[in-house]
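Here's a solo chain for you in structure tokens, the form predicted alone.
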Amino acid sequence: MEKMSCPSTVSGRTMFCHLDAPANAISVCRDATQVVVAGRNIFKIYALEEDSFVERLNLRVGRKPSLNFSCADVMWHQMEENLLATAATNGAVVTWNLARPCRNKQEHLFTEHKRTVNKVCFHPTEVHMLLSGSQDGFMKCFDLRKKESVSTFSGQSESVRDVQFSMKDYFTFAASFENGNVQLWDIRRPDRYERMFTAHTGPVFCCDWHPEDRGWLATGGRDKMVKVWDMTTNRAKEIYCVQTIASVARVKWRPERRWHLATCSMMVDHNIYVWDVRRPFIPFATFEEHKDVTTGIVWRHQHDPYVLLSGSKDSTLYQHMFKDASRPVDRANPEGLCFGLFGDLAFAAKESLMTGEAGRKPYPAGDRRYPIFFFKKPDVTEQFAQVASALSVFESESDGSSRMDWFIKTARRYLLSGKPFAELCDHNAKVAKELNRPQVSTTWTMLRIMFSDPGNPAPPANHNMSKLGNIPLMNSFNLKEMSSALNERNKENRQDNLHNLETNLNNDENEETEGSDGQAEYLFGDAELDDDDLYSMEHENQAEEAEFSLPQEAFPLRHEIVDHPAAPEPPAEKPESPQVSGSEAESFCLTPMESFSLISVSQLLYQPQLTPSFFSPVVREMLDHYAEQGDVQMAVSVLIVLGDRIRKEIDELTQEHWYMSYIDLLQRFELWNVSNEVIKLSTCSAITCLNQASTTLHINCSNCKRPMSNKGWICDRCHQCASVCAVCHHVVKGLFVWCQGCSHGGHLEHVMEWLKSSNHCPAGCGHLCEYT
């Protein structure tokens, strides 16, 4: 075929037309005057007029259109203007001849695939050669002069998502797979691929050969990346990488522009982006006309870089003029600010804004500031805005490695679940105190006091001695022992009892309580009580809550206090005090420290506890304070530990922002286990799904090298155990560790034990293995 001359720029304007149904794919004819649109319920050809699209032909004919018209992909032959091919959702590959005189233009029907065909591709120079890739994992090459495939290529993997013939190499085609691999094949050798490499983490949805550079292959995947590979080297080399905001569904190199390519997304994002791979962080141009996901993109002519056609699920077909595209770089902020992990600050701005600071005095000693300038030489072909930037870096005064030790240690030592609430608060308070963070420690202690049950506190570690010295606070003791002691001491002098009480309290101004009709009042003075001492009453028998009272006349009526005589006379006999019943004695436990204090107690010392909602506003303000100060670690930790006590009080978007910030910090410090624990304990749906993506691991049999099924550990093809321990020679059904040098391995415990005594591989291959 003679080389087509480069035409003048196609005239026209940005325009669109409404379709009868959503489009799955589009393709343009050789002379760029017609476009075919295919989908599940549409298969039409439109003419590209000056101001509009005009429908020329509807290929869905017949009273009951079959599934052969339900198209997942379509391609118009670039050498034969009347030849089209479609990939049907029922596994059929169909070719269409527009020159047929009848209404039904179907010419060949190939039904060799067992599942949906995802892609069809004509050879760029061979008229009768057609390639297909299917969900069944096979690729087939068809000769249109025959009624069956001439070659079948097995990727030994999951479904094939895209196939593309090389523009420069006659015999080579590339195939992308759902397991993240890309394979290069020679059509003359259907038994084995020429090269295979892992291109993405997750499915590779599309690939496209560069029209000018022979060895450049662009791939796009679910990991939201577009990568450009140099295939001329011995191993595929990634030379450019573009990070997008959604899964990449289509990628197409821009004609006459070596560094530009267009992409569209599979979900979420409706826009079409044109990227300059040399500046991958911001799109070169954006087309924002579609209202739903874009499903197909194609440049109108192979030598015209200014007109792009697209189809979408919003049932529209668009022609985009490059002069009408949005330029994100024109709206981009030319200033940037970023903090480093260890407190360093980087600031970038236009050079013109930074030149005025040349005469500024240096900062005090310890703050080192140095400018780094990046200049880009002007290029007449470069259409990006030319900006000379200056980067200033402010280093922290102290050693950065020690400044963030508290964050790492706190993340590793905090307990967020698995124990009662009070124990979690006590443990975390202790961790914060040991790391010299008193405010955080006090916060955890206050949370325990506010939200724990006073009647059932966590058992104190050591409260045998009170902070008040000799004051007999109410620490646990048994009333059964107290009862017998009371019987003996009731016969003693009541003045002695009063004198002993005065001695213990060391307060001459206290007045004794007269009777037990009113509630006892307790004055602790200016002393500082431990919060645990306030809640030191313990229930020995929760089933019985009978009220008890000490003898009504435990104290004599008020009288003048006199010195004790040497042999005091016994006071007048009073009625014997009633004996305390067993059930009453078991209701509470009080232990005096030095002497018995005969105090009238008719009810609990505390009123029913305040509901958690009473403290919620204060806790919410506290969490906001920590988050605003940058301590999202504390905000997230308290949020997890308190759980439903506080979760409903905070907006879900705010919670998600805190979680994402904390998880990002944990991952930057490589605290992967802590990060995963936080994700698991989160209740935000946007957070819990973070560790659910790409959790499937596809393995091949170690004997026949073919994919394993999910039914067991025996290969369906060679009937051998796929994962055998090199030490015990049994199938490994749990943790499996292998040497990356010789690929042998086995049970983790067995391999670790083996390598303690020998460095040689247990399989006997002679390799020196190392476990790190």
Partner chain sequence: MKEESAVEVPQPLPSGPSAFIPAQVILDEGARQEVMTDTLLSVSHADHIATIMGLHPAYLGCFLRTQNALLQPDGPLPLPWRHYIIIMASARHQCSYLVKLHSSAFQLAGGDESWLRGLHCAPPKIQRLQTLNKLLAHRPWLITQEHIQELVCPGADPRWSLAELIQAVVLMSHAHSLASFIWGCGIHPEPDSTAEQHPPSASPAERLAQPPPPQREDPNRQEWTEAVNEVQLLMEKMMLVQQQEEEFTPEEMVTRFERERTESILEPAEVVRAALPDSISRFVQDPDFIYQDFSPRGEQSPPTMRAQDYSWEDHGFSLMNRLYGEMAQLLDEKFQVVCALTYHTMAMHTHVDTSTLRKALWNYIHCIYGIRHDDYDYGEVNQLLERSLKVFVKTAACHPEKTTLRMYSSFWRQFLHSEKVHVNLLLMEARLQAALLYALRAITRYMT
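None of the values given here were measured: they were computed from a predicted structure. Numbering follows the first chain given and starts at 1.
Another form, the form predicted in complex with the partner chain, is not on view; read the next lines as being about it.
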Task: Interface stretch in the model of the complex with the partner chain - options 115 to 123, 206 to 214, 322 to 330, 441 to 449, non-hydrogen atom within 4.5 Å - done: 115 to 123
Open item on the list: in the model of the complex, does residue 107 come within 4.5 Å of the partner chain, counting heavy atoms only?
Closed with: no
Open item on the list: Whether residue 252 contacts the partner chain in the model of the complex should be assessed with a 4.5 Å heavy atom distance threshold; does it?
Closed with: no
Task: Residue contact check: residue 178 to the partner chain in the model of the complex, 4.5 Å heavy atom - done: yes
- [ ] Verify the contact flag for residue 337: yes if a non-hydrogen atom of it lies within 4.5 Å of a non-hydrogen atom of the partner chain in the model of the complex, no if not.
- [x] no
TODO: Heavy atom within 4.5 Å of the partner chain in the model of the complex: which of 699, 245, 618, 99 fits that? Just give me the one.
DONE: 245
Open item on the list: So the partner chain isn't shown here. In the model of the complex, which residue out of 645, 224, 300, 437 has a non-hydrogen atom within 4.5 Å of it?
Closed with: 224
Task: Sequence-ordered residues of 242 to 277 touching the partner chain in the model of the complex, heavy atom within 4.5 Å - done: 245, 246, 247, 266, 267, 268, 270
